[in-house]
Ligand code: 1HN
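Presented as structure tokens, the chain that follows is alone, the form predicted alone.
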């Protein structure tokens, strides 16, 4: 492509005439919106150490009662997008939420999809569409778009979870809003028991669900056991990763963001395939080093348990288990389902 003209090359009077009609010449900005070979990315490789943010989250519990906060959250913001944007990547919002013993976060619903990855504590629950879902460390709880949800805590110690929402995208589409509601009546049953084993679904007489989201809680005990079982059946160097899916359709649990559980064998080094989607890594168990990018421009993070980091799309990511004796387990969120729907990704060479 030849050098493009600059806005400064145009007569000021012509530029003023364009702006008076809300018109913009494309050619001076063409390479900004369609750069050659690799997209422009604002997302920076960023690390949020839990050991540092946890005291600030607990301090928020002292400073602001739940009645004033409604949702007591510290947002994990990516500096590349600007802290005021409150986004970790183009389509991912992250927040660490605190619920103290005896508190209740009121029922509401909103247009963005959300999931909760439980970081620490026991005794809390989330009620989604009338289903009371206990929250234990490593559990994945869905609060899909439009469904009523609230949080309560009957335990004795603080409970913290990682919120993951597609809020930046929904906000960009000018479709983001919420509604407040009343405390929900709890329905009987637990959907995760109906879908507790892979490859097995309730028969038609066994009350198979027609809900868009038939399973709202994915217990960590089940996911961890499945990863260990899968690892025993794979080669020593194969990646051990599972995707959280809708048990009735086999598709992603939500339609914008994808969620996965990843295990690293003792001492394993895993180079992830380079794709177009930004990724978030949250360490559930163990210790992992993360290399984002290559060469002088690359960044390295050392993750302790409950740490979170993100990596932009079109960037090499390598994970290394720091232990040579124990496996490590990560929760991964990415923009994969959205990118697949849009049909975007690395283009083949000319």
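Here the structure is a predicted model, which means the values were calculated and not measured. Residue numbers count along the first chain shown, from 1.
Keep in mind that the form predicted in complex with the ligand is missing from the display, and what follows is about it.
Novice: Pick from 195-203, 221-229, 89-97, 249-257: which stretch has a heavy atom within 4.5 Å of the ligand in the predicted complex?
Specialist: It is the stretch 89-97.
Novice: What is the one choice in 265, 81, 110, 131 with a heavy atom within 4.5 Å of the ligand in the predicted complex?
Specialist: The residue in contact is 110.
Novice: Considering non-hydrogen atoms and a 4.5 Å limit, which listed residue (277, 141, 167, 124) is close to the ligand in the predicted complex?
Specialist: Contact residue from the list: 167.
Novice: Can you tell me if residue 163 lies within 4.5 angstroms of the ligand in the predicted complex, counting non-hydrogen atoms only?
Specialist: Within the cut-off, so yes.
Novice: Would residue 153 sit within 4.5 Å of the ligand in the predicted complex, counting heavy atoms only?
Specialist: Contact check for residue 153: no, nothing within 4.5 Å of the ligand in the predicted complex.
Novice: Heavy atoms within 4.5 Å of the ligand in the predicted complex: does residue 71 have any?
Specialist: Yes, residue 71 lies within 4.5 Å of the ligand in the predicted complex.
Novice: Given that the partner is absent here, does residue 217 sit within 4.5 Å of the ligand in the predicted complex, heavy atoms only?
Specialist: Taking the distances in the predicted complex, the answer for residue 217 is no, it never comes within 4.5 Å of the ligand.
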